[in-house]
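First, one chain by itself in structure tokens, the form predicted on its own.
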């Protein structure tokens, strides 16, 4: 079936993709491993050596952190992309980029297939498959774990049988995915939605009760919708995210425990750590309230939801996604300013905001006698605003009460 076929595998060095290398080799394929560095912290040299030892014909290491941040994370920040109002999509954002690089590697070596280690229950299988169909419909996608239908205990047994070194053990059965923008942890005891995660699950965040007793104040500076400085120091976005992960995580900020509606139709319990992502999006939303009109804010909320769904569902390279990017980009032209945030015991609280193009006017909003707001105009405005309601009541009686107009 795969005899002699070149297959490029998205390789992470974890359990799923490590057993995939051996499985592909046993099917007669010529497996190539592609490891994409998105800031997950795994030593690239170790990953390559592991892939080659397991049986890969070659292993490619690509540093894609800058591309990931500039072309995937940055648009998601502008869109305030939070799936279910909580999850900042860091895994979903990485998948279209990985698929794109898989296609590039396949062209490089003359492969007819690409492969990934996704299961049949997850979202990633959809993201890889649909992205590939969107940009390289001539390539065939292979998903050994899904097609093989192996459980995680069976995968661990297979790895042990073939001498494959993997970090997952029976004592630590977690499945972890990480990049610069966040970290996800699932499987094992976390599959029980009533089970409180133990501290061994977390790496980026301090337990809120163990966080410093004194709050930390930070200032995020934005230009046209993107953070460009931290506490007055200009930083590239990738560096700012890394620094903020450390600062906010130390104060217990960034833990997410949610029941998530997967694309395949099931609910799953997910644990995430995303200190920088949540803090940045919170600040960005706050700055938008200061710089965008009410009607733009309301309509953008609708766009944001659809944008988030498209990203989550693997539809990154689609016409609608491109069109929504254009709308969101237009809204960000005036989203420039500074947001001050208080970090304390797992909480991030916006305590101040300034912007050169702020639509807030103290002269209009103040209750001081020198207010420039014309209160005399209010009565006429209210009369016209309420005219439809008054007209209805006069003709048909009141709505929602037993009384009628006499």
Ligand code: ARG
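Note that the coordinates shown come from a computational prediction; the quantities given were computed from them, not determined experimentally. Residue numbers count along the first chain shown, from 1.
The form predicted together with the named molecule is left out here; the points below concern that form.
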*Thinking of 91, 175 and 260 as the candidate spot, does the named molecule come within 4.5 Å of a heavy atom on all of them in the predicted complex?*
yes
*Looking in the predicted complex, any heavy atom of residue 272 within 4.5 Å of the named molecule?*
yes
*According to a 4.5 angstroms non-hydrogen atom cut-off, is residue 202 in contact with the named molecule in the predicted complex?*
no
*asked:* My question is simply whether residue 80 lines the interface with the named molecule in the predicted complex - judged by any non-hydrogen atom within 4.5 Å.
replied: no
*Looking in the predicted complex, any heavy atom of residue 184 within 4.5 Å of the named molecule?*
yes
_Of 123, 331, 308, 206, the one that lies within 4.5 Å of the named molecule in the predicted complex (heavy atoms)_ = 123
*Since the chain is shown here on its own, which stretch among 276 to 284, 190 to 198, 175 to 183, 156 to 164 would lie within 4.5 Å of the named molecule in the predicted complex, judged by heavy atoms?*
175 to 183
_Using a 4.5 Å cut-off on any heavy atom, which residues of 74 to 89 would contact the named molecule in the predicted complex?_
87
